[in-house]
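Listed next as structure tokens is one chain, alone, in the form predicted on its own.
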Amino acid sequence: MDFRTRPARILFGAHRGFRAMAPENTLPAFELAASAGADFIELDVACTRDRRLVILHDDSLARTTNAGTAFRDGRLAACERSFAEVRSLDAGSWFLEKDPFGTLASGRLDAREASGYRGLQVPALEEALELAKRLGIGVNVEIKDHAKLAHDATIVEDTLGAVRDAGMEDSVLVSSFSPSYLVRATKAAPGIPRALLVENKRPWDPVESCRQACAQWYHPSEELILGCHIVCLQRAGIFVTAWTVNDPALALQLSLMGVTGFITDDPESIARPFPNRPPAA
């Protein structure tokens, strides 16, 4: 898909992949998202000590890998570890142990199939982009805020360079909670569209916030959606994608309010109210 043009229909984005059915931010989660009909995958980019870009949501490796037992020195941030060290970790077993969405307990996910997740690696950004290219699916690349962390000065430019190297400029949307990162992204790759992420506090003027951040997309958490803001954003030519929407009834309600799409943990379930995907507003 091309994030530079108005979508022809309501969009479904897979939050860290199809994370209800596979460990988040792993290649199997991205493959399942494509199989479930997602228009794009959303993933998070972090930087290792030796300036390699990996797919990881948290500052710490502890929640989604076995870093807590593998690294006894307590240095669990990705930026404190080399790429080789991060790649040595098991990024899949935690999903079987915690069953975060209850899909194993309910039988929706077959335990024998899920056992194959043990030993998964944390993907490199280039791996995820190449996979998305093969699958023909768009990618929303969220650049994690590295303020006060190593490589804060280079992560934006390195990320955009990886997108260019993968030949994915036409299929990538770059998002961040940091307006300054989006301004930097504009300078590094003006042709790749950008999205401003917001949570906790609604901007007084979302249109002006997007303009200052050089963002063509506005990504509010579902709690911050207001119909009047959607209208103003639409009139300004800014697309609105709500996250993280896992309730099909809420998805239907938001679609009637005029959002461009949703980012969801479960693209299969969220599609149920939309047997014939309606056009985007």
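Numbering starts at 1 and runs along the sequence shown. In this text the structure is predicted, and so the values were computed from the model without any measurement.
One more form of this protein should be noted, the form predicted together with a small molecule, which is absent from this view; the next part is about it.
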Inset, instruction - State the residue from M168, V86, L160, L197 whose non-hydrogen atoms include one within 4.5 Å of the small molecule in the predicted complex. - result: L197
Legend entry - 4.5 angstroms heavy atom contact with the small molecule in the predicted complex for F101: no
Legend entry - the small molecule contact at K144 in the predicted complex, heavy atom, 4.5 Å: yes
Inset, instruction - Report whether the minimum heavy atom distance between F177 and the small molecule in the predicted complex is within 4.5 Å. - result: yes
Inset, instruction - Find out whether any non-hydrogen atom of D44 is located within 4.5 angstroms of the small molecule in the predicted complex, and reply yes or no. - result: yes
Inset, instruction - With the small molecule left out here, work out from 251-259, 36-44, 231-239, 208-216 which stretch has heavy atoms within 4.5 Å of it in the predicted complex. - result: 36-44
